[in-house]
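First, one chain by itself in structure tokens, the form predicted alone.
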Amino acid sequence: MKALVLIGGFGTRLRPVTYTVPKQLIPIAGKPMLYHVLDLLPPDVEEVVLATGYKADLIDAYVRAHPPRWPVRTVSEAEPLGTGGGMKNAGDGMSDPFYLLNSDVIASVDLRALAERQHDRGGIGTMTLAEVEDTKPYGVAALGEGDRITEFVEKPEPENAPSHWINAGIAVWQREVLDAIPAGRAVSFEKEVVPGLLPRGLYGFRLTGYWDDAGTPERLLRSQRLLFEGGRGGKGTVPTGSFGTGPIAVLPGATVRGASFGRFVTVGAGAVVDSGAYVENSILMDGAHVDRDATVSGCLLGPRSRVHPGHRITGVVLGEHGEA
């Protein structure tokens, strides 16, 4: 099987960081978000195709410099095409069936079991479903016998939602699904295409592990916590010469001697946390600098940003070269 990963959107809810860095390259629990998504794939996947849009050149360059375990090919779009248009644009040569993954989904899911479910039930596809309280931001499925999806509504008002089971952004589709997507224009796959596929047999695969979409600063940090708690954040121990509990992921070239750390922290490559500073529940991107005796909690610090000596910040997002 091959895998198609959708890397569209502008990451507007993570601005100002995403003015210069695509959200898929923001490090969480020690590695870029995109690579946590790729980690879900079985090792025998033949090829991964990245359907890129915003800042496609940066993603392509990063993947070339840090090649994953699978052969990877990037296919960019000249203008935003939406989820369906992105699938159509990058879908040439897809396997039958193929994996489809959103690039901002952090989840615990067995993709082999998902593919087996699709094989056993047949039909056009099998979509992972997560149970959430607030369904408004998502596509919502109504389930019938054998978890066949009988209705699918994209972003309904809460009173109109047919259930609390939402599209979790990971699926297996038969290749013929690409034929149902109009060519040459932007297409919302979930809104324009999926409802018309229901008569052809679309099934749900209910997730029992953790799931989140890392599209906002709050959910990004929550996703980092889930990864650390799920053992996907590396060793997580506080480095020699620093203090605190961790877990913490320190990327190469970072300096943290004499600093203190609470739980769930990523310190990017070349970042500095000076002696006497304290950081918890935060992401410090490459080259960020937390000065002496500063406190950082619940923050996303963009590349080469700076928190000045003695300053205390909570829930702050700094873009590249930002200061607080």
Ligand code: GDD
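Numbers follow the displayed sequence, beginning with 1. Just so you know, these numbers come straight off a predicted model, no measurement behind them.
Absent from the display: the form predicted together with the ligand. The rest refers to it.
**Q** Residue-level question: is Pro182 within 4.5 Å of the ligand in the model of the complex, judged on heavy atoms?
**A** So Pro182 does not count as contacting the ligand.
**Q** Look up in the model of the complex whether Ile7 has a non-hydrogen atom within 4.5 angstroms of the ligand, and give yes or no.
**A** Answer yes; at least one heavy atom of Ile7 falls within 4.5 Å of the ligand in the model of the complex.
**Q** Does any heavy atom of Phe205 come within 4.5 Å of a heavy atom of the ligand in the model of the complex?
**A** Contact check for Phe205: no, nothing within 4.5 Å of the ligand in the model of the complex.
**Q** Can Tyr138 be called a contact residue for the ligand in the model of the complex at 4.5 Å between heavy atoms?
**A** Yes, contact at 4.5 Å.
**Q** So which of Glu131, Glu151, Asp110, Glu154 gets a non-hydrogen atom within 4.5 Å of the ligand in the model of the complex?
**A** Only one option qualifies, and that one is Glu154.
**Q** Within 4.5 Å of the ligand in the model of the complex, heavy atoms considered, which of Gly82, Pro217, Gly91, Gly125?
**A** Only one listed residue qualifies here, and that residue is Gly82.
**Q** Looking at the ligand in the model of the complex, is some heavy atom of each of Arg13, Asp104 and Trp211 within 4.5 Å of it?
**A** Yes: each residue has a heavy atom within 4.5 Å of the partner.
**Q** Please name which of the stretches 143-151, 95-103, 232-240, 173-181 has residues with heavy atoms lying within 4.5 Å of the ligand in the model of the complex.
**A** Comparing against the ligand in the model of the complex, the contact stretch is 95-103.
**Q** Scan 10-42 and note down the residues that get a heavy atom within 4.5 Å of the ligand in the model of the complex; none is a fine answer too.
**A** The stretch 10-42, when checked against the ligand in the model of the complex, contributes Arg13, Lys23, Gln24 at the 4.5 Å heavy-atom cut-off.
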